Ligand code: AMP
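In the block that follows, a single chain appears as structure tokens, in the form predicted on its own.
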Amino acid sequence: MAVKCKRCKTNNAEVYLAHSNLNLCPSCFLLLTERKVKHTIDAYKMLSKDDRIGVAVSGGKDSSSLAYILNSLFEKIDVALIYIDLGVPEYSQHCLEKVETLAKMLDRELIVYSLEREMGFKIGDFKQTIYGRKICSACGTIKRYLFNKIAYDLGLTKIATGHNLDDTVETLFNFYLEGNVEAMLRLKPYLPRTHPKFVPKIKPLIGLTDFECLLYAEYRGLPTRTIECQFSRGSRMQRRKELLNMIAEKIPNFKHSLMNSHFKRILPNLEIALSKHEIKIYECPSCGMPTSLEGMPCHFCKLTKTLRP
């Protein structure tokens, strides 16, 4: 006998969300997913009617779902999609085609920044440097820097990224392993402006799992990449995610509990304990953008310098 949707009690359920023990039909799943995102945005006061939002898109399920949901819920807000072409063979062109299709679907502006055209190198060039075995780390540094700089140069008021619950818990888990307290303080659903050249960042999908983002993109028929980046295979991040998924199989709401516990209990106490030790923000002597390094080049400039003779 078919299981009925727990919400409408009429349609047959196709989706089971273990963390909340819910059986849902596609229509109710889509509706509840969008309501979750709206609740997150409202709870953290992420958006205002005068905002000009830059959505960081990659061609993946998360950023595509984010762009679609923001476009649906906030039609009157100025939204532009930003894609950074990293120059990964086949993969980058494939992703570009997906975000171009998405931009046309949403009728929103797409800003494409080519690393090779603008800076003269591709992400694969780091294979010949000290970052050869941790290209994902170099890639993350470059994308964070460029998304902020592009948004700042364009006068955007917020950057929205597609980081979901699984991404956040994996990052948090890594920070705990490293004892990286300063990074924990910056890991927030809404990271406000801490420097005139720092564009505030929002993570509206932080309450959604990988599984929910995947299903949402599929049910909405969104264009998403179907190939994997060659540099991400076997990365530490993927291995940490696999470990956390093993725990979630035994404790379905584990990820939600860990994230909520951190944001509601641990983070406020960390902020109080470290309130006298304010993290100072300086300007990079090379590029002029914000950095935590006093009198030294920022991480982006140090990184790109390794490629130059």
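One rule holds for the numbers: they count along the sequence shown, beginning at 1. Computed from a prediction, not measured in an experiment: that's the story for all the values here.
Another form exists, predicted together with adenosine monophosphate; not displayed. Remarks below refer to it.
A.B. asks: Of the listed stretches (81 to 89, 188 to 196, 126 to 134, 174 to 182), which one has a non-hydrogen atom within 4.5 Å of adenosine monophosphate in the predicted complex?
C.D. replies: The contacting stretch here is 81 to 89.
A.B. asks: Using heavy atoms and a 4.5 Å limit, would one call V37 a contact residue for adenosine monophosphate in the predicted complex?
C.D. replies: Heavy-atom contact with adenosine monophosphate at 4.5 Å: absent for V37.
A.B. asks: Is K201 near adenosine monophosphate? Define near as a heavy atom within 4.5 Å, in the predicted complex.
C.D. replies: No, no contact at 4.5 Å.
A.B. asks: Taking 4.5 angstroms as the cut-off for heavy atoms, does V57 touch adenosine monophosphate in the predicted complex?
C.D. replies: Taking the distances in the predicted complex, the answer for V57 is yes, it comes within 4.5 Å of adenosine monophosphate.
A.B. asks: At 4.5 Å between heavy atoms, is F147 in contact with adenosine monophosphate in the predicted complex?
C.D. replies: Answer yes; at least one heavy atom of F147 falls within 4.5 Å of adenosine monophosphate in the predicted complex.
A.B. asks: Taking adenosine monophosphate in the predicted complex as the reference, which of K158, K143, K98, R108 has a non-hydrogen atom within 4.5 Å?
C.D. replies: Spelling it out, the residue with a heavy atom inside the cut-off is K143.
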